[in-house]
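Just one chain follows, in the form predicted alone, and it is written as structure tokens.
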């Protein structure tokens, strides 16, 4: 899942032609936070991740890992 987030944010940033600094400014987060995301840091604040994803029309949300997991709820 972490790798999907890293790939998604890097790809969207590059498609829009944004530097890490420009993405940070537009999202209202620090440059260090963008670097942490793109380097796959293990622990990140969900609210800040959503600030970044909001620029791309997305949010983090729970998704089932498999059909078995989904049936247990």
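Keep in mind that what you see is a predicted model, and the values were worked out from it rather than measured. Positions refer to the first chain, counted from 1.
Another form exists, predicted together with the DNA; not displayed. Remarks below refer to it.
Colleague: Is the DNA close enough to 19, 35 and 48 in the model of the complex that each of the three has a heavy atom within 4.5 Å of it?
Modeller: The answer is yes: all three residues contact the partner (heavy atom, 4.5 Å cut-off).
Colleague: May I ask you to check whether residue 30 falls inside a 4.5 Å heavy atom distance of the DNA in the model of the complex?
Modeller: Yes, residue 30 sits close enough to the DNA in the model of the complex that at least one of its heavy atoms falls within 4.5 Å.
Colleague: Even though the chain is shown alone, can you say which residues of 34 to 60 have a heavy atom within 4.5 Å of the DNA in the model of the complex?
Modeller: 35, 39, 41, 43, 44, 45, 48 sit within 4.5 Å of the partner.
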